[in-house]
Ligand SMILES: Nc1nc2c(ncn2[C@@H]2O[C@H](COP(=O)(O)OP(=O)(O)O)[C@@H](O)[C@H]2O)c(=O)[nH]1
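As structure tokens, one chain now follows by itself in the form predicted on its own.
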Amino acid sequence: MGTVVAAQANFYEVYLAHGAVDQTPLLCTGRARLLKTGRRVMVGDRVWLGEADLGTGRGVIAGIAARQSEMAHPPVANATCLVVVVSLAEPPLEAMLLSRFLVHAEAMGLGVQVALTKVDLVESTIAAAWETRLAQWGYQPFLVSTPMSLGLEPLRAALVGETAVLCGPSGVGKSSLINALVPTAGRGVGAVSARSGRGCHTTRHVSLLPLPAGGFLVDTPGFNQPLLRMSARGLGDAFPEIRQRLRYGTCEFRNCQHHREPGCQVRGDWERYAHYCTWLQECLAQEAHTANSAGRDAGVKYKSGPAGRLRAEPRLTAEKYRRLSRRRLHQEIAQLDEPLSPED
């Protein structure tokens, strides 16, 4: 058995010991029979090696063990928790962007942690205010500064034995945090663009890094706008505030969307309710698009417009408006030039 720690094309790096720090991974390929079944080998998979040559450091993956969890974005198997990493400065923290990352993480169905980096670049009152604000959202963040080694020990203790996925925007200090938690990682650190105020991408591929005290840290490429691929009901389940309110009462309607329905227990003046209402429209538009794709009118097509809103346009008849290819056009001209037979 082994654990896939990196993947690119049909080549995989596999650790034989689960979570060992001082070993060299084997370079493996997937067996052709495995590829024909359509099963995709993902980073984090526990795999069986049909052949393993420790002398050459090569091997062949023969099978994939059952997965405890599976993430599509980023593609990671068997993750146990997600750590949303955002910075308090350079780039500055945006409440709605952080909220979107948290909803994206909650939708995975795993444990969610929050790490606020670069606390040494802001006043202590600002960091404390964000800590209080996130507590109202339902999270207890870790305040971290890698240059000053602040807040690293509590975060290390929380990640022991976990397969933790780091996610967040580019330039927030994920690579620096990984280098602090895994000294052998050797991740490059990028700078923040002075023109856009955003970070540069330093991580290109998903990879697993063994933690010294046990477990793995999953490094993922940064992305500045996570997609919310979920239903309207799933969106409500991704807010701890909504889950908390529904513990003490239920809405009047079973299919309540917590928007304008009477007798709703969720509507109120809590901070992220405006975020919920904005993304509810996005999720409803996605549901409508999916339903239309399954049984849409053949004469209508849908395109994405401003702010992600779908708009309908008439679908042109292909036989009437599509131009003929040159080859077919020449064939038809050649048929017209042919002499008629006596039977014609």
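These numbers come from a predicted model, not from an experiment. Each residue number is its position in the shown sequence, starting from 1.
The form predicted in complex with this ligand is left out here; the points below concern that form.
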*Choose from 100-108, 72-80, 171-179, 237-245 the stretch whose residues reach within 4.5 Å of this ligand in the model of the complex, heavy atoms counted.*
171-179
*Consider residue 165 of the chain shown here, and say whether it contacts this ligand in the model of the complex, taking contact as heavy atoms within 4.5 Å.*
no
*Spell out, yes or no, whether the shortest heavy atom distance between residue 131 and this ligand in the model of the complex is within 4.5 Å.*
no
*State yes or no: in the model of the complex, is some non-hydrogen atom of residue 145 no more than 4.5 angstroms from a non-hydrogen atom of this ligand?*
yes
*Taking 4.5 angstroms as the cut-off for heavy atoms, does residue 118 touch this ligand in the model of the complex?*
yes
